[in-house]
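Take a look at this one chain, the form predicted on its own, written out in structure tokens.
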Amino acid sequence: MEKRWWKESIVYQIYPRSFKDSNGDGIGDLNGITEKMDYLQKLGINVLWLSPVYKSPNDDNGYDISNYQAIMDEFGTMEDFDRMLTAAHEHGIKLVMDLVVNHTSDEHPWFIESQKSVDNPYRDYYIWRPGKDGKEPNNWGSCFSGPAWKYDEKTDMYYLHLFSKKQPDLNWDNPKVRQEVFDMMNWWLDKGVDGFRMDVISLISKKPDLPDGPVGINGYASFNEPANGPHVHEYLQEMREKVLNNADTITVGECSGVTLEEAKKYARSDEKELNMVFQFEHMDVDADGTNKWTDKKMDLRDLKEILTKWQKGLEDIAWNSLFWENHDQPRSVSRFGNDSREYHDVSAKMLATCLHMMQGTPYVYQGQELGMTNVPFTSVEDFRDLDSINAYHELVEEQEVFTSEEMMGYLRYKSRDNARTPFQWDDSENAGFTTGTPWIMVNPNYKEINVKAELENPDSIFYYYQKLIQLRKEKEIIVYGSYDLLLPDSKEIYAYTRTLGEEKLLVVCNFSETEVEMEIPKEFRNADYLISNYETRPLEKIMALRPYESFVVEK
């Protein structure tokens, strides 16, 4: 297998609005990130992925961009950005920008022009269609509830927005649009950034006739209906030629609706397109069919089947990205582990072990390395996330699918805002995030769970992550070894081996709060421990795994 630096990297995702506020306005900013480079270096990560920092009216937390070559006022200036980039590089950390080019803001100059008339030079930068039978051109739904089309009286036509109505979709079939995007990406590479995480990149190529799709719980076809369209690979190969080959980049595509076969094309080992993709199959493991608003717990056997399918399916062909959390997902210790006081630390460490020992590039989302948890939101007013607020109004007030109480329970479990509350630096007011009023509530458990407390405790989750990250840098087998699942039918144990030449690792994770017996394969009974979230003991034929116990041994 070809060795590449991005396969050996550990990526840390920062949600700038919630990381560190340097000027007391209650909103995290670029100078706050610069201030904390020593912390990131101490953790050991070597790539930083920033959620969008571009100029934006902030309808969808910066994913609605009005100027790709300017910084959001609340986050600082381009000078602040340059200073942060320099600081990252001085700390041995590469910087990845979030590239949002499926859509822009409706306040972007291109769209303002596009709206003016049907023959405006920018009209074809977006997807405009006449209505059908007095209604929308097709039955596609928006990711944020309702139809994916907005009627525009001025020209008596509809424009497509797979996300908010303030996020019109770009028309990638127009070569001018593609060139504008490529020019902008090259501008950032010239500045010194090291790569791109590409937002919903699998949606950029729409089927030319925009056909209707199967209808979901809300009466519309999924916003994923256009995923993996007819020209998506062609456009990404053009991007590779015109942009990505101009520098030694790391690229990851967010590919909702991606199949294993499609992923092999996106993340090809010949590097004609992207280095890796984010697939979300394991994020639907606790959904209720197509409905994510549920508090259903996952069946571990399903999770193992999905992750194993991707581990084996991409082996020697493409590359996996490994994640439990990001800005769109709830906190993993509350979702897949156990955030009770008794099991919080061991289950957070277990989840980290399970993921970081797989083949692929691991992604750590800010606060995951502290075991930050879901948030006890009490009313819909506590939320800032468009997805959560719209879903509440639609499913409780309009369609009466759930009661207010039921929906609040689902939001506390699944809302994206669980991951977006301020980073917990210390036990002072507002968790040391800001001297002002935070833009969203702080999780009340910040007095126990915070950086200061974890750095003072040698047995903390932080130091466990630090050790996992260090092991990955030292042991080639963790990066490049092949993966094989053990005990596929166990409801409690996730165990697998990694193999590279003569070397072999055994990874064991108990996903339950009960003691479970496991027979240790004979070849590992004299093996050495690499890492464990409990005090180690001699390896015997039958081991009684303690609640949420995990360990890795090397033979």
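Model, not experiment: these values are computed from the prediction. Position 1 is the first residue in the sequence shown; the rest follow in order.
The following text describes the form predicted in complex with a small molecule, which does not appear among the structures shown.
*Asks:* Flag this candidate site as yes only if Phe323, Leu471 and Arg498 all have a heavy atom within 4.5 Å of the small molecule in the predicted bound form; otherwise mark no.
*Replies:* Not one of the three qualifies.
*Asks:* Taking the small molecule in the predicted bound form as the reference, which of Asp328, Asp426, Glu281, Glu305 has a non-hydrogen atom within 4.5 Å?
*Replies:* Flagged contact: Asp328.
*Asks:* Would you kindly say which of Lys309, Arg416, His233, Lys150 lies with a heavy atom within 4.5 Å of the small molecule in the predicted bound form?
*Replies:* Result of the distance check: Arg416.
*Asks:* Tell me, please, which stretch of 374 to 382, 198 to 206, 172 to 180, 351 to 359 lies within 4.5 angstroms of the small molecule in the predicted bound form when heavy atoms are compared?
*Replies:* Stretch 198 to 206 is the one.
*Asks:* Are any of the heavy atoms in Glu254 no more than 4.5 Å from a heavy atom of the small molecule in the predicted bound form?
*Replies:* Heavy-atom contact with the small molecule at 4.5 Å: present for Glu254.
*Asks:* His103: heavy atom within 4.5 Å of the small molecule in the predicted bound form?
*Replies:* Taking the distances in the predicted bound form, the answer for His103 is yes, it comes within 4.5 Å of the small molecule.
*Asks:* Should Gln167 be classed as touching the small molecule in the predicted bound form when contacts are defined as heavy atoms within 4.5 Å?
*Replies:* Although the small molecule is absent here, Gln167 would touch it in the predicted bound form, with heavy atoms inside 4.5 Å.
*Asks:* So in the predicted bound form, does His344 come within 4.5 Å of the small molecule, heavy atom to heavy atom?
*Replies:* Answer no; every heavy atom of His344 is more than 4.5 Å from the small molecule in the predicted bound form.
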